[in-house]
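Shown here is one chain on its own, the form predicted alone, set out as C-alpha cells.
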C-alpha cells in the first residue's frame, strides 16, 4: 500500500461490516458483559443497556464514521482537517491524539489478556485428550501460577501481538478484511453451536428468565449499563473513525452503524445465554460462593463446568477458540488505529509502521505482564490507590475511566457544536439518501446534549470513586 491518503485502500461493503463488527466484538462482549449482567440482576440491566446503546453508543459511532470517511485520515489528521475552519482549529487534533494514545495503551494489556485465551485453548485441548478431571481449586491455583509466571505471560503476549502485526501489515483489503471475513463467520458458527447446546442445559430455563425478566434496577446498575454501552462499541478512541476512513462512498453510514450495533448486542446476548445456562445449572449455594465475585471465573470456574456437561470435551476448547477469535478482531482494529497515524502523518510504509508500533506496544505491555505476580514492585504499583493495584490494573483503569470517556465527550461536543452541520449532513446522505427526518435528533439532541450529559455522569462517578475497569 502506498503512503498517504491516496493509497490507503478501501474496504469492500461486506468487508467493512465484518471488520467493524469485529472491532466492536471482543472480550467485553463474551467476558465482561455476562459478568456485569449477572451482577446487576439480568433483564432490567439488559434493557437499560439497549437504550444506552441506541442513545449514546450509536450516535457517537456514526459521528466517528462521518469524520473518518469525510477526511480519509487517521484520528489526528482527521480532526486537524475537519476542524480547519472551526473554533479551536488545530487544537482539536489533540482529540485524535488522545484516541491513538488510548488505543496504544489498551492494546498493550488487551493482547496480554488475549494471550490467556490461547493458553486455555491449549489447556482444554490437553484436558479433552487426556481426560483429566478439572476441579475448581486446582483451576484457581493453576491460573494464579500462570499469571505469576513472567516468561509465560510475556511469551503469550508476544505471540498475540505477532499475529496481530502480521494481519495488519498485509493491508486493509488483503489483511484486515480478508481475516475478519474468515473469522467472523467462524465466530458466529461457534456461538450458535454453543447457544443451541445450551438448550439442553439444566439451567437454560432459569437462565432465560433471569436474562429477560424486567424488574427494578439500582442507580449503580443504571450507571454500569450506560458505561458499558459506551465502551463496548469501540467508540471514543478512534478505531471506528479509522475504519470509517476506509469506507466506500456507496455505503450508508447510518445503516452500517445500526448493523454493527445490532450484531454487537446480539453476540453479547448470546454470550449471556451460553454462560448463564452453565451458571444456573449449579445450585444456588454454589452460585452465591462462586459467581459474581470475580470476572476471572472465565479461567477458574467455567472450564470445570464445561467438562461436567455433555460434549464438554468438545465445547470447552471451542469456547476458548471463540474468545480468542473475538479478541483478535479487536486487537487488529487497535493496532490499525495506531499504525495508521505513522502511515498518514509520518509517511511510514505499512509494514514499517506495523513493526514499529507493534514492537513499541509489546514493549510497553511487558510491565503489565510482570505485574500479575512475577514482579513485586510492578504488582504493587498503585498511583490510584485501591482503585487499581498493579501496573496492569493501572493501565486498564486509566484507559477505561479517563481516556475513553474524555475522548467520547470531546467527539460528541465537536460534532454537536463545532463541526458544520452542512458537512455532516452531506456525509450522512452519501450512500444513504435523505437524512432530514432524523438529522436534528442525532446532532441537535443526542450529540449536543444526551451523549455529553451521560458521559459527564460517568466521569463524575469516576471522580467520586467509581471504577469501570
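Bear in mind that the values here come from a model prediction, so they are computed numbers and not experimental data. Positions refer to the first chain, counted from 1.
What comes next is about the form predicted in complex with a small molecule, which does not appear here.
S.K.: Counting any heavy atom within 4.5 Å as contact, can you tell me which stretch out of 432 to 440, 52 to 60, 22 to 30, 412 to 420 lines the small molecule in the predicted complex?
M.R.: Selected range: 22 to 30.
S.K.: Check each of 78, 237, 369, 338 and return the one that places a heavy atom within 4.5 angstroms of the small molecule in the predicted complex.
M.R.: Result of the distance check: 237.
S.K.: Which of these residues, 176, 272, 361, 334, gets a heavy atom within 4.5 Å of the small molecule in the predicted complex?
M.R.: Of 176, 272, 361, 334, the residue with a heavy atom within 4.5 Å of the small molecule in the predicted complex is 334.
S.K.: So in the predicted complex, does residue 106 come within 4.5 Å of the small molecule, heavy atom to heavy atom?
M.R.: Yes, residue 106 sits close enough to the small molecule in the predicted complex that at least one of its heavy atoms falls within 4.5 Å.
S.K.: Considering non-hydrogen atoms and a 4.5 Å limit, does the small molecule approach residue 116 in the predicted complex?
M.R.: The answer is no: residue 116 has no heavy atom within 4.5 Å of the small molecule.
S.K.: Please tell me whether any heavy atom belonging to residue 381 falls inside 4.5 Å of a heavy atom of the small molecule, as the geometry stands in the predicted complex.
M.R.: Although the small molecule is absent here, residue 381 would stay clear of it in the predicted complex, with no heavy atoms inside 4.5 Å.
S.K.: Although the partner isn't part of this model, could you tell me whether residue 153 comes within 4.5 Å of the small molecule in the predicted complex, counting any heavy atom of the residue?
M.R.: Flag for residue 153 set to no.
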